[in-house]
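Each of the two blocks below gives one form of the same protein chain as structure tokens; they are labelled structure 1 and structure 2.
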Structure 1
Amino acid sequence: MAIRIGILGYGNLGRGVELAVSKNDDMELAGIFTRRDPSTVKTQFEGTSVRSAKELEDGKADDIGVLVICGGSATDLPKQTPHYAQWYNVIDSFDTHAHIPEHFAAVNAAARGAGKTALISCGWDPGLFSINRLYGNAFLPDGADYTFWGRGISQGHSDAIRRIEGVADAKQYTIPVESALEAARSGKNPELTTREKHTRECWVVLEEGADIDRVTEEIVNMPNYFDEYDVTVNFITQKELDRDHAAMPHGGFVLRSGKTSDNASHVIEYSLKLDSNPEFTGSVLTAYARAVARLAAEGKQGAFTVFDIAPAYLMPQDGDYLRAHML
């Protein structure tokens, strides 16, 4: 039986999940759920069901196997994920690293109370990069971690800017400092501050009459997003943003540098180069939605992270196939 996927939110990430579901034969789309008028939403595939988010309340949409929640981490997911975990098996891409423990606790309480299964903070960071940090620490306990993002557009940081009063639209690029990246690759385990590793570049469209100085101040001092970085804020028109910043590339590097003896140093490096951040993140969420469905079928309840998921749970093939073709 196909896993029936519901998508809550139809922005860039929701469209990425829709594309990913279409490429997995063991899944089908139960519907896209939106806070907008469903009749105004144009989907990528003819015949896709668009439904009101109100249908999700009280568990009324009982044809959903896993609900993929595609809201922003700044204000949507802290409320939405624990709310919908009362009625559905859920997965999200919450990416505010500093608040993951409290988000996990809230979702875990809701899911356990309802006998449901939830997976939080799933994507490529947190997500795939998190797994590689864990592997690196396990294999090289005497060492140091380094994570670099970009150059690329951060959906979470862009969304955080768009939530500021007076901002009509925005894109934010995360840019690794090349000298810091090369220092991490050297195997010498340099100590690098947050500010030394990345810069952040913001392109912002203001609403008419908005205060430029106030918006700039709110961006550069935003906790957990911009306050620890060197930030450049550029103000442009919507036409310029659409023309010059429509693509959504991203990527990055995770490194673990360490020693197994006084004479043997090692560097583990994992990297991603993405043409479309939301499409790739949507593909990761979709694979892990398969794992959520399997955990739920096994009676596992509460919240989980990518650390708790065996790799085989991500694949549609069985163990015999994986051992013969991928081991």
Structure 2
Amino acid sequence: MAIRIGILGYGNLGRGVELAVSKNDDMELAGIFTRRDPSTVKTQFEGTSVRSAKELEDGKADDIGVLVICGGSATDLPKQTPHYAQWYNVIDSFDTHAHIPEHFAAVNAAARGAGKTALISCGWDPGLFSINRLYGNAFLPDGADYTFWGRGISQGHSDAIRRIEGVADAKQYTIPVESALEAARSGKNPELTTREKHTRECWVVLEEGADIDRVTEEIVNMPNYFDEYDVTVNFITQKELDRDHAAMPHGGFVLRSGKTSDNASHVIEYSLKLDSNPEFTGSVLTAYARAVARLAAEGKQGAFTVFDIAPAYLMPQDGDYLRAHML
């Protein structure tokens, strides 16, 4: 029987999940659930049903196998994931690393209380990058970790620029420094500063009459976001921004280098080169939704993360097939 996926929220990530479900034959879409008027939502596939988010309350949408919650980490997910875990098996992409423990605790309590299964903080970071950090530490306990992000758009940094007075719009690319990547790959476990690892490239549209020098100064000196980095600021028109910077590429690198003896060093490298951050994240969420459905079927209740999921749970085939074809 197909796994029935519900999608809550129809922004870029929800659209990515809709695409991913279409690529997986063992799944079908129960619907997009939206807080908007369903009749106003135009989906990517003609057959996709759009339903009101109200239908989710009190567990009324009982045809859902796993609900993929596609809200934002700042304000949506801390409320939504525990709320819907009362009634549904759920998965989210909560990505505020510092608040994962409290989010886990809240979702775990809700899911356990209801006998449901939940998986939080799924995507590529947190998610696949986290798994690779863990694997690297397990296989090379005597070593050093490196994570590089980009080249890609950082939503948080783009938003920070947009909050500056006189800025109409902006996009910020995080770019790994090639020489730092090469140093990490050398296996010599170099110490790399924040400034050495990444540069930041800003594309800014000014409001009419804004002071270009003041805006530049405010960007490059912004604490935490920019002051520890080498920053390039480019001013362009809204038309240019929309034409040249509308795509959402991203990616990055996780490296672990370490020794097994005085004479033997090793380097493990994992990298992603993504044309579309939300489409890839949606695809990862969808594979893990399969694992959530399996765990639920086995009666495993409460909250989990990618660390708790054996790789085999991500694939539709059984163990015999996987051992014969993929091992």
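Numbers given to residues start at 1 and step along the sequence of structure 1. It should be emphasised that the depicted structure is a prediction, and the values quoted were computed from it without experimental measurement. We call the rigid core whatever largest set of C-alpha positions still superposes within 1.5 Å between the two forms.
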{"query": "Structure corresponding to the form predicted on its own", "finding": "1"}
{"query": "Core-superposed comparison between structure 1 and structure 2, residue 128 Cα displacement 2 Å or beyond", "finding": "no"}
{"query": "Post core alignment: residue 102 C-alpha displaced by 2 Å or more between structure 1 and structure 2", "finding": "no"}
{"query": "Angle of rigid-body motion between structure 1 and structure 2, smaller part versus larger, in degrees", "finding": "27"}
{"query": "Shift in Å of the residue 232 Cα between structure 1 and structure 2 [rigid core superposition]", "finding": "7.2"}
